[in-house]
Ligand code: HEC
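In the block that follows, a single chain appears as structure tokens, in the form predicted on its own.
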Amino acid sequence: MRNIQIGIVAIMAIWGKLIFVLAINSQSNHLGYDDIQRAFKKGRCQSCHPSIWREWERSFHAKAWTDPIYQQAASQIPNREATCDPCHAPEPVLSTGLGKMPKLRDADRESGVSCLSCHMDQNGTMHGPEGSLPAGFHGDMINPNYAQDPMLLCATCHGQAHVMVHNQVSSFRQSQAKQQNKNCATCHMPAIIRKQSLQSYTAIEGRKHTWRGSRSKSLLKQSAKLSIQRSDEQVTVTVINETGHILPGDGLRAVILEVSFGNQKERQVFCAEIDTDRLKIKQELRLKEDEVKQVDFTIPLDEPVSAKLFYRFLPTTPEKEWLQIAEATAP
């Protein structure tokens, strides 16, 4: 009889512990904010989303902090921790509010703009577009900003009015592309069919996490059109900005029109003249959204004309490394 009583007590104790564990689990079905941060560093995002991870790790979002060009440029900016660094190693932007300047995170800055920077809120819940599958690892929330208006998310870093040298979103909001219901993702995150995670059964349409931009030759070659109209000795060279935002998008970059005829060569540089604080623009010479820029010349009839449009990444970029993005000729 005593053995039976001992057995009952033991069973009750086991059940008590099991109920306690179940109660704890019911209160915390998913990892919280700090746990998700630690899991990211251990590669847990990659273990469930290998395709998206591979796209991200090759992107300049992943290299936003470690990129030597950025580090060299930022080293010349006064108070860089308040104006530049927060966008290159941000705390999750959902925790500070979309469209607001993010906060610079204290640790793991080498991950640049990571998965957590754009998808995690202050509770550790991961936000995404409709069609995302629920995960057992983290909390999930459908957020229309990821599909209907990603510009609000992008504007967190690419639309800060007090950093005018790097403010593409404001100009895009005035563009014809915006009126056509296009957004940042249309060009910088092209559609792709793939499985979102290892839990997916079928491939669905999503957005490629590569954010191709100023270092994508294919995208740059789509950024502008160039043409020449000739009437007797009057020659008009026309440059059309087709990016949907200011071109070039950054204050250190330049688009250079080169017109050649006979033994002559003339150039016009479209860039921003930056003020001494290296954040404000002293003189704006970039091509505005949808701008059609015409440059007139008087050229003898017997001299053919050629025009080339180059993209210069930095003021220090050697001429031989300028990328030709358009060309036109006229007899």
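The first residue of the shown sequence is 1; numbering continues from there. Model, not experiment: these values are computed from the prediction.
Missing here is the form predicted together with the named molecule; even so, the following discussion is about that form.
- Proximity to the named molecule in the predicted complex, defined as a heavy atom within 4.5 Å, singles out one entry of 199, 227, 122, 179, which is 199.
- Note on contacts: among 235, 74, 104, 259, the single residue with a heavy atom within 4.5 Å of the named molecule in the predicted complex is 74.
- Using a 4.5 angstroms threshold between heavy atoms, residue 64 counts as touching the named molecule in the predicted complex.
- Using a 4.5 angstroms threshold between heavy atoms, residue 184 counts as touching the named molecule in the predicted complex.
- Contact check for residue 97: no non-hydrogen atom falls within 4.5 Å of the named molecule in the predicted complex.
- At the 4.5 Å threshold, heavy atoms of residue 305 stay clear of the named molecule in the predicted complex, well away from it.
- In the predicted complex, 245, 246, 247, 248, 249, 250, 252, 253 are the residues of 245-259 with at least one heavy atom within 4.5 Å of the named molecule, listed from first to last.
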